[in-house]
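One chain is shown next in structure tokens, namely the form predicted on its own.
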Amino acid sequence: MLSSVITGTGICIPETIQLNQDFEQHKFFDEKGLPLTDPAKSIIDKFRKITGINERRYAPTDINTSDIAAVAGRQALLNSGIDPETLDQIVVAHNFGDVAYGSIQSQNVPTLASRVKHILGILRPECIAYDVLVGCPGWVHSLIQSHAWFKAGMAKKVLLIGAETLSRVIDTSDRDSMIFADGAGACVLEYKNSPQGGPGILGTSAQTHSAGEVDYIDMGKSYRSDDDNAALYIKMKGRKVYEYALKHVPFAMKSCLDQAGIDIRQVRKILIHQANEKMDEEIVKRLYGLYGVSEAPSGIMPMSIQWLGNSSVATIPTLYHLVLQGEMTEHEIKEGDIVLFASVGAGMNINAVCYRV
């Protein structure tokens, strides 16, 4: 039978490390423009205890999102062993396009996917290049979308990339800016024959809540009252996002597993968007609770947020690659394992994919 199978993966983790202590000289403000009274070190320590983040990666000043997307994409193509000229689609999930260092201007024309196709030197006109903008769940959404293209008979080989340089769109006077990071992750997805019980996508789910939730993550002015710059920066209502995720994400993940006919006890790994360590742990705990299981198994949820931060659309493909390649020594994914991808982000959007390796 034909299945949507991941045949190669790749990543680009920028070399520039931004440590928590690098923020100790920052002055933080609240949304009303008032300076926070706690010392910066206390704010940073509290931030670490909640999010788990110790450090994050920033792209070099001469590198843009399309550049790191191409690096991850090229690695995924090499890892898959396919001829790049046989690709039917190149899809890049992101939020802000290319943002040159020192600028806040998003460049979305041409699409990042077109830029990546150009960088990779792929000439075939029938290889369609387009972008996906669904907040942090964008890469998982590209999996779902490509799976649908396959089943419709309109594609057989796609390169799916999640890439972002969030360091270019953060308000450094906002403590939430410490969450965000840069990076890229990619995979090659092919529609190919797979034996019964073989690899492939088993089920999907997706939701959009955009009534009162639509502005939980959006763009806004700097919190500094003396900043008269007209630029807008990424903003987040942290408490509302946290509560929303705990309420809705476990049910979406269960819906995905139910569609796939998979019991939670069959899941080997859960790769969830790296947004907040405590939030992710609670989401997974609540997912197991929906099945009457009081505690999630030890080691079910690999985490890279501690050293990579939140690189939005890049977190899940990056995490999957690291585990597959044995670069997270305490975790392993083997042939036949059931993996659950799940993400949540601006929209507010939620999605999940159940995949057999």
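In case it trips you up, residue 1 is the first one in the sequence shown, and so on. Everything numeric in this text was worked out from a predicted model, so none of it was measured.
Note that the form predicted in complex with a small molecule isn't included here; everything after this is about it.
- With the partner removed from view, the residue among Tyr242, Phe96, Tyr233, Tyr191 that has a non-hydrogen atom within 4.5 Å of the small molecule in the predicted complex turns out to be Tyr242.
- Of the residues Val284, Leu202, Ile217, Val71, just one reaches the small molecule in the predicted complex with a heavy atom at 4.5 Å or closer; this is Ile217.
- Contact annotation for Asn310: at least one heavy atom lies within 4.5 Å of the small molecule in the predicted complex.
- None of the heavy atoms of Asp171 is located within 4.5 Å of the small molecule in the predicted complex.
- In the predicted complex, at least one heavy atom of Ile43 sits within 4.5 Å of the small molecule.
- The closest non-hydrogen atom of Ala342 lies beyond 4.5 Å of the small molecule in the predicted complex.
- The stretch among 247-255, 172-180, 263-271, 118-126 whose residues place heavy atoms within 4.5 Å of the small molecule in the predicted complex is 172-180.
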